[in-house]
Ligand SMILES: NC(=O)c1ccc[n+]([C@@H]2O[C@H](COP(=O)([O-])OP(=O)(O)OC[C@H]3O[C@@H](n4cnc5c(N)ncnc54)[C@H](OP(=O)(O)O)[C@@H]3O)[C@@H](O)[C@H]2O)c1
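Coming up is one lone chain in structure tokens, specifically the form predicted on its own.
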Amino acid sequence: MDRSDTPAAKAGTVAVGELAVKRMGFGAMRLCGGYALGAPSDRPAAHRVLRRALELGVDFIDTADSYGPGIDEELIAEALHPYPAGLVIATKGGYLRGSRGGWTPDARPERLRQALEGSLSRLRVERIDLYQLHTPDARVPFAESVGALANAQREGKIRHIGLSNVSVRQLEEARAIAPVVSVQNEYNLEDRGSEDVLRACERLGIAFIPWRPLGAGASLRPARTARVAARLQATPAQVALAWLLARSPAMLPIPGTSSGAHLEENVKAAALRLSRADLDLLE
């Protein structure tokens, strides 16, 4: 998937281990039903969004066993398998879902093993390119959770290990157990609580994957965002994504949507360039 002429390619690339992926990824969570539970109301439409993402040059798709649960991974395989060379599908394990949409951490080694095996089956692969611990579990020693992924990596079922929702201290603890190539924490224009983690990733050469890159809409509402968008004849969402890309070379945004039109809009943000004055205003 070395297509340098596609819209997603305008963002450049970032290393995920030895893999180079375009810095405009796609988060597939919203393809499921509401609250990431159940199947989409229009399954063929979800397939079309996934295929269009690849046409636009996206070569990094993020998902998790808890989206659906399981359904998100099934949609990806239905739409894209056999996968084109260069496509990196990242998935996660460590959360259980309740019938009402709750998120319960479960990062016991035996549960992570079960989650990984399910993801391998649903994605129809023998090895996950990037498998991420979805969240630390306060009931389980963090080292045991990471150790379970390290064991699976040695068995050849995981190519690279990533973390999600972690602190700098936890990142350092995990790196003492196994190589870590990515961190996925909440981060956006209005929520910069993981700034220290982002800077640690820069220093270590680790990809930083901001989840909720638009802040569930919060990044689109400030007047300063609208002001920059008007000047550039762009949308507030494009400005918020362009800000992330400008924030750090380690940044790998994964905006998600079930809409083909929103997908096109998001990916076009890869070409948007913010001036120093724009960046100062958005600070």
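Because the structure is a prediction, the values reported are computed rather than measured. Numbers for residues come from their place in the sequence shown, where the first is 1.
Unshown form predicted in complex with the named molecule; subsequent notes refer to it.
Enquirer: Here the chain is shown alone; which of Val58, Ala28, Val239, Leu252 has a heavy atom within 4.5 Å of the named molecule in the predicted complex?
Expert: Here the answer is residue option Ala28.
Enquirer: Could you tell me which stretch in 208 to 216, 139 to 147, 170 to 178, 119 to 127 has residues with non-hydrogen atoms within 4.5 Å of the named molecule in the predicted complex?
Expert: Heavy-atom contact with the partner occurs in 208 to 216.
Enquirer: Is it the case that Leu220, even though its partner is missing from this view, gets within 4.5 Å of the named molecule in the predicted complex, heavy atoms only?
Expert: Looking in the predicted complex, residue contacts with the named molecule include Leu220, since a heavy atom lies within 4.5 Å.
Enquirer: Please check if Ser182 has a heavy atom lying within 4.5 Å of any heavy atom of the named molecule in the predicted complex.
Expert: No, Ser182 sits far enough from the named molecule in the predicted complex that none of its heavy atoms falls within 4.5 Å.
Enquirer: Given that the partner is absent here, does Lys92 sit within 4.5 Å of the named molecule in the predicted complex, heavy atoms only?
Expert: Yes, contact at 4.5 Å.
Enquirer: Although the named molecule is absent from this view, report whether Asp62 comes within 4.5 Å of it in the predicted complex, heavy atoms only.
Expert: Yes - in the predicted complex, heavy atoms of Asp62 and the named molecule come within 4.5 Å of each other.
Enquirer: What are the residues of 155 to 178, in order along the chain, with a heavy atom within 4.5 Å of the named molecule in the predicted complex?
Expert: Counting only heavy atoms within 4.5 Å of the named molecule in the predicted complex, the contacting residues of 155 to 178 are Ser164, Asn165.
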